[in-house]
Structure formats: structure tokens, C-alpha cells
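What follows is one chain in C-alpha cells, specifically the form predicted alone.
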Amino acid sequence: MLVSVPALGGLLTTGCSDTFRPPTVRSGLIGAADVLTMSTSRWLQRDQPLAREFGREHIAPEFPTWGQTNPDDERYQQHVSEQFRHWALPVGGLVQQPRSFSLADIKALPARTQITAHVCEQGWSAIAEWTGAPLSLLLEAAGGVKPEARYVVFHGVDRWYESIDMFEVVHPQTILAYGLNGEELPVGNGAPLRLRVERQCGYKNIKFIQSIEVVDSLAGIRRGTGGLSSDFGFHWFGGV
């Protein structure tokens, strides 16, 4: 059985095991729960519904800066001082035309603005307005993904990393946000670019993105689970 999802420049066909199961399955009841949670969620989302969007009156007065707020990285601090004028985002791996994008390049892509709830696994939530480029359009600008592509990995300046599969990549609310509540994305919230994947928990929404890699497997990356959080025991699939 195959599941086809809209893809970059056509249709990307992936096997059910890719779409309905985590890239690695933990042992015992925890692993069974991982698979059951993800497969049930994906079945319910098979028509790619949008996450709930809110009116401006629901926006939190101050969106939290939880976690790392200003990476102690010399190159990053230089970019901050230059207001990211010389910053560039490499996009590589299984794309047809690997290349780097300036912040201006990304802002030149058609933008999406959405007011959504950030749901943190630590027990808090907040609503904010995010503006950015759909991830699918960025990958199209890199020539599209190759047929064997299965995951997109995001690497952060602070050594955080996360990944999502193509089912989430093609969702219209999966964006690379450079704006928060009508202003430039602040450093504390991950400037110049952070991921917004609105149907998953906050820890999947990686900040301070410094590179993007399209891969067919997560096995050779760090501990092979697909993200820093899952390397340390969190669910790879953080659906809400």
C-alpha cells in the first residue's frame, strides 16, 4: 500500500511505514504507544487539515522565549550585529539544486501569515502570529526534492536539531518564520529563522536554523532518532 502526498514539482510517493511510523521505534509499551499515536493522528489528518488559526485578539501580549535565547556563537553574534545582512541558509542533501539562500531570498518567496497556538510539552501554551515562507516553496526553489527523499533535517546554531517527514513538509502551515506578531523575529525567539510546524509540539519548532538537509534516512545523524529531543527520550512525533 502506498500513500501519495503533494510534493515539490509533482507527487512524492512514500510507503506507509514512512508516513505512519516514527523513523525509529522504541522497545516495549512506549514504542507501541509511539506507533499507535502517530498512526492514529496521521489517519485522522490524511486529508491534511489545517491546525486551528485564531483572531488577532487572542495573541499573547508577550510570546515566551523558552529555552536558548541568544546562542554563544561568535559567527552568529556577528550576524546579529549586522542584522543578518550577510547570513545565508544552506539547503542540501537530496535536492536537485543544492544552494544557499539569503534572508532576502527567503523573504522574496510567497509568504504565509498564520495565528496559531504553540503548545509546549512543559505545560504552557501561547498564541502568536507567524509570518514566513512555506518550507515546500523553499525546497522548490532548490529544484525540488529527489524521489528517495523522506525527511528534512534542521540544524540550529545552538546544536539543536530536529526533523520532519514529507507529510509535514508539504503541509501549508509548515513555514520558515522570519516574523513574529508583525515584527522581525526577535533573537530570543530564534532569529533570523525558525521552523513552525503547527500540528506538533513546541520542541519540534526549532529555532536559530543554520542549515537544512534533505535525507532518505535519519540513521546516520547524531543518535539516529531524528532529533535532539528524541535522542534524549521524547517522542519523535510530537503531534497535538
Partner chain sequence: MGAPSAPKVVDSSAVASTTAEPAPSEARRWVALHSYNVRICHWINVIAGGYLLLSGIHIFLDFPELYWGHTGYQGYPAIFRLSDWGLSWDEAGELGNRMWGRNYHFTSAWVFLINGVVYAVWSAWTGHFRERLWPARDELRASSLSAEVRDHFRWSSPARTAATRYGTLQKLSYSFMVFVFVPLMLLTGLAQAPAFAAAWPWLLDLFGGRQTARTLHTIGTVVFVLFVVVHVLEVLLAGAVNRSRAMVTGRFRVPEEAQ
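Keep in mind it's a predicted model, so treat the numbers as computed, not measured. Numbering follows the first chain given and starts at 1.
There is another form of this protein, the form predicted in complex with the partner chain, and it is not shown here; the text below is about that form.
* Asked: Has each of Phe20, Pro147 and Thr225 got a heavy atom lying within 4.5 angstroms of the partner chain in the predicted complex?
  -> So, no: the whole triplet misses the partner chain.
* To do: Could you tell me which of 96 to 104, 148 to 156, 112 to 120, 70 to 78 sits within 4.5 Å of the partner chain in the predicted complex, going by non-hydrogen atoms?
  => The contacting stretch is 112 to 120.
* Asked: Is there a non-hydrogen atom of Arg26 within 4.5 angstroms of a non-hydrogen atom of the partner chain in the predicted complex?
  -> Yes.
* Asked: Is there a heavy atom of Gln83 no more than 4.5 Å from a heavy atom of the partner chain in the predicted complex?
  -> Output for Gln83 is no: heavy atoms all beyond 4.5 Å of the partner chain.
* Leu180: heavy atom within 4.5 Å of the partner chain in the predicted complex? -> Taking the distances in the predicted complex, the answer for Leu180 is no, it never comes within 4.5 Å of the partner chain.
* To do: State yes or no: in the predicted complex, is some non-hydrogen atom of Arg196 no more than 4.5 angstroms from a non-hydrogen atom of the partner chain?
  => It does not: once the partner chain is placed as it appears in the predicted complex, Arg196 has no heavy atom within 4.5 Å of it.
* **Heavy atom within 4.5 Å of the partner chain in the predicted complex - residue from Val187, Val215, Ile209, Ala51** => Comparing distances to the partner chain in the predicted complex, the residue within 4.5 Å is Ala51.
* Since the partner is left out here, which residues of 55 to 83 would have a heavy atom within 4.5 Å of the partner chain in the predicted complex? -> His58, Ala60, Pro61, Glu62, Pro64, Trp66 sit within 4.5 Å of the partner.
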